[in-house]
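This document starts with one chain, in the form predicted alone, laid out as structure tokens.
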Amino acid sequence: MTQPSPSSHYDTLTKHFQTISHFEHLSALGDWDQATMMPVGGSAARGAAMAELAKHIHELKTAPFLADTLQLAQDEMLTREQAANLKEMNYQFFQANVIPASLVKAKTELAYRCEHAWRDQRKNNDWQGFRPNLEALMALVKEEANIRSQAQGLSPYDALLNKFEPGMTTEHLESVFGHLKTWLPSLIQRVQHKQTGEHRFNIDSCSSQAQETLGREVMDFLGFDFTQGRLDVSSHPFCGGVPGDVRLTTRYDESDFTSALMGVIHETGHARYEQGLPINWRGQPAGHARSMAIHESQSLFCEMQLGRGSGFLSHLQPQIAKHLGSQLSTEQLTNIYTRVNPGLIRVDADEITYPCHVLLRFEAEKGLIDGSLSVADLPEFWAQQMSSLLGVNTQGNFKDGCMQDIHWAVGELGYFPSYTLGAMYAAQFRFAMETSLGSVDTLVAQGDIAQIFEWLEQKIWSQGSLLSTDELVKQATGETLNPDYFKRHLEQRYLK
């Protein structure tokens, strides 16, 4: 990959954005520590410090000299990669410049307070305690959305989507998700009917320590570099940090190892993407992950395309027996990990019902931003949607209903669609990969996982943000997003 050549205005920009990257590194570690190790009493001081750091990063991204320097750099002789980096600099500058620093600080500080309170409020099913916090935070989110909307000529919700999925619109999502709704409900019913009468296997209890040992071994198999990352525990699994210092977390249930194990595999997919981003572009906008949906495609590729496949589970079964003392066979593990069972919790959902959780949140977010849905009415809306989409009851169960996710508690709206878009991209990547490598499931069963990750590194990871999402996907698969591959994958796995 071509290194940037000397260029006065462009060089000034690269140095400045490298400085921003260093502060973002520290911010990421603060977020990780807050979620994993920070004592309860540190919340107020940490929130204030993180708000101050966010304000400083925002000021760096909106420094007065940037507007002219970005414009002048457009006229310099740049390589294709440099031009792509400059484009991403302009994108970051624009995204940051429309929001006043005072709003950035206020939202960050309130989000820290809201998220910290949410931890206990969720445990205690305390909707009345959480509601005023969420209402205050949503007021700031709507203020941000309106500012971004006016600056970009987009609807307020499109402006929030654009933070995570550049170029994505509500109209496009409604088309993609509308098509999904035409076949997904019937597929869920067909698969549930097919699985009627299947034996339900008991899962032995096992310690968190044993599960962690197994998880680390699986991460090794998946190629995670522990010299540039670590695994910890948090209330909500995530992958954070920066490419050279990746932080993963999971949560353990000693009565059921299956969720934590798949959680580790999922977050390792995120981590492999981060560790595989182009080293020559670290600290530069072009070296970042392309979008949240592409990021989710990598975690879901690991979890769904690989992890829940019989080939991967046949490779994993001896390790599960060794570390956890489980007597489950490969066939039984496959049964467990492909069981379709509509439930309350998004992060524990099977891959067929999971999109329904996203559809609900997509509709809720649109309503919260355009004012057609109030925070006060959110629990009832949630109950109606869960009953309609999945036939489950959440009346009065706030902790497993509208309080279950961390995203709204930290003021992030526009992210949820990325999960299902990511599942669609993951399926499309797998089918494209198999045209040259053959069956992915067979390769994994044989322990030959290196070819799979080499394909991903060449086609996806090493590209960073040098290409747009559509360009990246088309270059890798020959076409832009095609949701039919997702349907094909589900039918292949669940109806064969």
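One rule holds for the numbers: they count along the sequence shown, beginning at 1. Since the model is a prediction, treat every value here as computed from it, not as a measurement.
This next part talks about the form predicted together with another copy of the chain, which is not shown.
In summary, the region of this chain contacting another copy of the chain in the model of the complex, judged by heavy atoms within 4.5 Å and restricted to 24-32, 443-451, 63-71, 465-473, corresponds to 24-32.
245 is the sole member of 126, 350, 253, 245 with a non-hydrogen atom lying within 4.5 angstroms of another copy of the chain in the model of the complex. Contact check for residue 42: a heavy atom falls within 4.5 Å of another copy of the chain in the model of the complex. Another copy of the chain is not drawn, but in the model of the complex it has no heavy atom within 4.5 Å of residue 58. In the model of the complex, at least one heavy atom of residue 229 sits within 4.5 Å of a heavy atom of another copy of the chain. Residue 432 falls outside the set of residues with a heavy atom inside 4.5 Å of another copy of the chain in the model of the complex. Along 33-55, a non-hydrogen atom within 4.5 Å of another copy of the chain in the model of the complex is carried by 33, 37, 38, 39, 40, 41, 42, 45, 46, 48, 49, 50, 52, 53, in order along the sequence.
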